[in-house]
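A single chain comes next, written as structure tokens; it is the form predicted on its own.
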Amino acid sequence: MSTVDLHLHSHHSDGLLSPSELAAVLAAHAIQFCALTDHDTVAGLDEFADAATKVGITTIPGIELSTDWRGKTLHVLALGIDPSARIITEAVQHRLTVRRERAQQIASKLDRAGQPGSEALRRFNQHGAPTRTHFAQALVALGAAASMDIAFKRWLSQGQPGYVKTEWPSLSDTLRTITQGGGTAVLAHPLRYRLSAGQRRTLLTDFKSEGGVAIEVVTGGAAMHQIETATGLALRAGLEASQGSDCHDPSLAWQRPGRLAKLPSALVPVWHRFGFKGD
């Protein structure tokens, strides 16, 4: 099992735990080096770093930025950023504004479809970084869906009544933001996007040419054949490799920190850039 986890979420985005609670879970699973990478917000970074330090864990500041590549929404992890850098704070503020406007639109569309969209929104209206996950949770709590999975499939996924297409900053702009903000850009879970093999190769070419450094090779719940495929992608593209559980709820086995497979030895670990030589 690995002691590195560079993809984690707290309740500041769509995770279940507070940053302090998450740090305690990481300590219990022998994590030594990690990054909190909430969606489009850095609100939890100080609390997380303080709590992790107290339990002997080394952290680097991170964020998971939403971005657009040729009409596809992608997620890029920005590791080792300066959260106070103006270019980072402006990027975060823009994305949070987009998220709040989208949440209002989703609520309105759900209302028109006869579902409790406005009531769902009221349940998390003070949340800094509203996500579709918050809507799914609220729809389940309100009895409008039997499960989170059903809430997404019936109401929130593309083509469904509550879906709202979001205009995120381009991949090029996002990578420029990360680089100028002192960070290292990692493409999160590259096999989860609905892309053909050719599109994925083109994406990685564009990603590297615009300043991308690594892709996430080992992810929470990944099967060995998926790790092998991602390894091949990294090697062919000349990119470094990262790993992360993408933990939102540590009670789910496939998201639990400390259960990740070791990174294949043929790859260059991105965490070496930050002085961590473990794993």
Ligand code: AMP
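In case it trips you up, residue 1 is the first one in the sequence shown, and so on. Just so you know, these numbers come straight off a predicted model, no measurement behind them.
Omitted from view is the form predicted together with the ligand, to which the following refers.
Chemist: Quick check on K208: any heavy atom within 4.5 Å of the ligand in the predicted bound form?
Modeler: Contact check for K208: no, nothing within 4.5 Å of the ligand in the predicted bound form.
Chemist: Taking heavy atoms only, is H29 within 4.5 angstroms of the ligand in the predicted bound form?
Modeler: H29: no contact with the ligand in the predicted bound form.
Chemist: Is T133 close to the ligand in the predicted bound form, meaning a heavy atom pair under 4.5 Å apart or at it?
Modeler: Close contact exists here: in the predicted bound form, T133 approaches the ligand to within 4.5 Å, heavy atoms only.
Chemist: Do H75 and the ligand come within 4.5 Å of each other in the predicted bound form, heavy atoms counted?
Modeler: H75: yes, in contact with the ligand in the predicted bound form.
Chemist: Would you point out which of 114 to 122, 179 to 187, 97 to 105, 79 to 87 contains residues with a non-hydrogen atom within 4.5 Å of the ligand in the predicted bound form?
Modeler: This holds for exactly one stretch, 97 to 105.
Chemist: Which of the residues spanning 212 to 248 lie within 4.5 Å of the ligand in the predicted bound form, based on heavy atoms?
Modeler: Contacting residue: only H248.
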